[in-house]
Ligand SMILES: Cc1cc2nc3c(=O)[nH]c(=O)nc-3n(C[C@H](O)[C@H](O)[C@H](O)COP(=O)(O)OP(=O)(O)OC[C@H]3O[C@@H](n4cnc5c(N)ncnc54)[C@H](O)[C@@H]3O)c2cc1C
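In structure tokens, the next block holds one chain alone, the form predicted on its own.
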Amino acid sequence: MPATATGPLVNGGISFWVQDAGRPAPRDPLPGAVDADVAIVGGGLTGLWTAYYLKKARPGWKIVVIEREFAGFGASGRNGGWMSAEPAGQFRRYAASRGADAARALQTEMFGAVRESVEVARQEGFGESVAENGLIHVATSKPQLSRARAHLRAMRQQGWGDEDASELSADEVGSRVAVEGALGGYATPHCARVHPAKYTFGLAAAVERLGVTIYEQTRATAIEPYRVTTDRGTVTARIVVRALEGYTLSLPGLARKLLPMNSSMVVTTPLTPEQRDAVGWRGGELVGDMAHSFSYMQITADDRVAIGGRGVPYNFHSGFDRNGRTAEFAVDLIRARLAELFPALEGIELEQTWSGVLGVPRDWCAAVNYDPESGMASAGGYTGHGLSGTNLAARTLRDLILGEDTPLARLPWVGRTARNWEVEPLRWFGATALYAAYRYADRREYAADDGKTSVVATIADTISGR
């Protein structure tokens, strides 16, 4: 395994973010049978935000959160740190089911979710984990540039104004970040850079200050109306919220509900001043490319580059390493992409790599649901846009649970259902072939560089439903 100046490359260990923040002291497990008004299964951002807003609205309610490991163990403590206003789903599908105006309303609320998420962090004392730096998408081939411009045109129809997203020339990109071969792209101010673990740990502490109890080291084995069964006892509650995202498959009967898609990251050792100048990353903008096998990056507060991608997007039968260990193949792909985008960083030492799973519905659209008769609620399927999507979903759940007829309760992701994913081995073959096709399409586009998106990628999009 490659070595770094600080020792061997750490593979797994949950995430660099968790190692950097330091895990809080373990919370107590469920002590046995407990009664509550609301039982929330899952201690990630969906569960924590739902607890936060419900407790704010109903201070007298007894609300408990049940978490198998510790709050922030899953995607909430492992992600790329993009608090983006891009919707957690596809505009065309939301528009097809509820109309274009409803889909645009969801986009407007996503702008607000970024602002709300930042403001709450500052009010509650964990704002140092957030920096409002915006986002740049960079095109490094003619087909990517064509897609960036087409995407920007589509955004105009979806509720993004000129002040929300703007095209960048090659020189404008270069003035902010020196991506090799950049031909242009687009930028949006509606994105904040987040330290995922510090943010999630801070929200968990804020929830506890409100009087919510978080039970860790407690595995839910079944949820049903008015009851959560765990390995530590049973919680009886008027309202039960499922907030497990990529870990939804751990519950009986839900193995095909959401695809647990792997996303892997690496983080470099801190850049020297010379390396920082070479990459030309002037501020703290988030950076993504327009390749089909998409990469996402941030430069951390201590001058590291953290970059992620879908090296091995899916393991057979929805398997994944809970501790976040990354396949060497994925590490090599991400390392190579980092060197392609920033040649000055070729050979830079990597300090840690890790992986996590995000929940992907079959229609690639997030859903928020509540049944007043059974008291069962759920939210998830953010397809990688959970840092802000969880906040909006939680506020939507609050309004639904309280029975309030608000604009949030009428958003097009409310009441949405998607069919289950295919059975194995079709699921594995499909996901594996899909990302192999995207990598092939990227290579062909760079070779041809004629401004045309590869037909292979177009077919892959059609088959996958993306």
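As the structure is a computational prediction, the values presented were derived from the model and not from experiment. All residue numbers refer to positions in the sequence shown, first residue = 1.
Another form, the form predicted together with this ligand, is not on view; read the next lines as being about it.
Just one of 172 to 180, 370 to 378, 74 to 82, 271 to 279 has heavy atoms within 4.5 Å of this ligand in the predicted complex; which?
That would be 74 to 82.
Against this ligand in the predicted complex, would Y186 count as a contact residue? Criterion: heavy atoms within 4.5 Å.
Answer no; every heavy atom of Y186 is more than 4.5 Å from this ligand in the predicted complex.
Closest heavy atom of Y296 to this ligand in the predicted complex, within 4.5 Å or not?
Contact check for Y296: yes, within 4.5 Å of this ligand in the predicted complex.
Contact of V41 with this ligand in the predicted complex (heavy atom, 4.5 Å):
V41 belongs to the contact set for this ligand.
Does at least one non-hydrogen atom of G384 fall within 4.5 angstroms of this ligand in the predicted complex?
Result yes; G384 sits at the interface with this ligand in the predicted complex.
Of the options L244, V360, V207, V138, which one has a non-hydrogen atom that comes within 4.5 Å of this ligand in the predicted complex?
Of L244, V360, V207, V138, the residue with a heavy atom within 4.5 Å of this ligand in the predicted complex is L244.
Using heavy atoms and a 4.5 Å cut-off, decide whether T218, S263 and G356 all contact this ligand in the predicted complex.
Checking in the predicted complex: T218, S263 and G356 are all within 4.5 Å of this ligand.
Contacts with this ligand in the predicted complex - residues in 90 to 113 whose heavy atoms fall within 4.5 Å
Nothing in this stretch is in contact.
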